[in-house]
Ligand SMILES: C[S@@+](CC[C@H](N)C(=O)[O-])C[C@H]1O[C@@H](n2cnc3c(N)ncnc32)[C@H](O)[C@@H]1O
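A lone chain, given as structure tokens: the form predicted on its own.
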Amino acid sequence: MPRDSWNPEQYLKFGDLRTRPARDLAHAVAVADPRWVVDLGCGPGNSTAVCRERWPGASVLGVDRSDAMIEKARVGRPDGDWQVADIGEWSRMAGGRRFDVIFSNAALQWVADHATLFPRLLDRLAPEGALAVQMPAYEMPPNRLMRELAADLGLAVEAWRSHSLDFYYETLRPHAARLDLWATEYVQVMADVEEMVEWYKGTALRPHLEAIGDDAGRARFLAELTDRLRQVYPASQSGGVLFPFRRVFIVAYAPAG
């Protein structure tokens, strides 16, 4: 996936809804007065702003593989510390600073091999530091419908993946001093199913639309997806469409050293 396929403006159409889980995650982290915080997959900087608000005395680094996202973040905070880097490559960097908090809001699902990645990130923590991660749940109906439609059309699409909380427990428990796991379903109210599609254009739909490559094909894909979503998410009698969005949360603490 090209770095610059991300569109900050499309992503921020739903900035409040996308930032709320970042706030919930940050406030669950029990690290007193961290000095060094990194926000992996910082996007346009909305989650990095949450980290600065939560830990005002910390030096906060924002990392994202998208040049467009980092440029948007720099416009919003020119004095911020920003880095363009792939998260998987960043996690493999030997030596260097150890962080008191490694924070990631809705990003690690785009990085492969969580069985290796998560313990490797834990190794980059300072003693008693925290790895704090939030990701969308993999088996939500819209994501399943996208995968089914892509398979029907024979599309080769870059996969994203999050796993069960059991998986993250088994992966991290041998390495962590303490581990907190939970899931939250955010009931997001959309004007209609078309607005749901707009939501996904900023994230999960990106690789599907890029795999098609032509405007007419993308329009057909979106129309078919909209029809399938309408069968799952009917309009409320009171107006709008209720869009339950499940997210998984992981906070793993490093040993005292």
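This one's a predicted model, so the numbers in the text were calculated from it and none came from an experiment. Residue positions are given as counts along the sequence shown, with the first one as 1.
The same protein also has a form predicted in complex with the named molecule, omitted here; what follows describes it.
Participant: Answer with one of 150, 140, 111, 176: the residue that has a non-hydrogen atom within 4.5 Å of the named molecule in the model of the complex.
Facilitator: The residue in contact is 111.
Participant: Exactly one stretch in 214 to 222, 29 to 37, 191 to 199, 59 to 67 has heavy atoms within 4.5 Å of the named molecule in the model of the complex; which is it?
Facilitator: That would be stretch 59 to 67.
Participant: 24, 162 and 183: each with a heavy atom within 4.5 Å of the named molecule in the model of the complex?
Facilitator: Answer is no for this spot.
Participant: Does residue 115 reach the named molecule in the model of the complex, with heavy atoms at most 4.5 Å apart?
Facilitator: Outside the cut-off, so no.
Participant: Is there any non-hydrogen atom of residue 51 lying within 4.5 Å of the named molecule in the model of the complex?
Facilitator: Contact check for residue 51: no, nothing within 4.5 Å of the named molecule in the model of the complex.
Participant: Is there a non-hydrogen atom of residue 85 within 4.5 angstroms of a non-hydrogen atom of the named molecule in the model of the complex?
Facilitator: Yes.
Participant: Would residue 107 show up as a contact with the named molecule in the model of the complex if we use heavy atoms at 4.5 Å?
Facilitator: Answer yes; at least one heavy atom of residue 107 falls within 4.5 Å of the named molecule in the model of the complex.
Participant: Going by heavy atoms, what in 194 to 216 lies within 4.5 angstroms of the named molecule in the model of the complex?
Facilitator: If the 4.5 Å heavy-atom criterion is applied to the named molecule in the model of the complex, 194 to 216 yields only 203.
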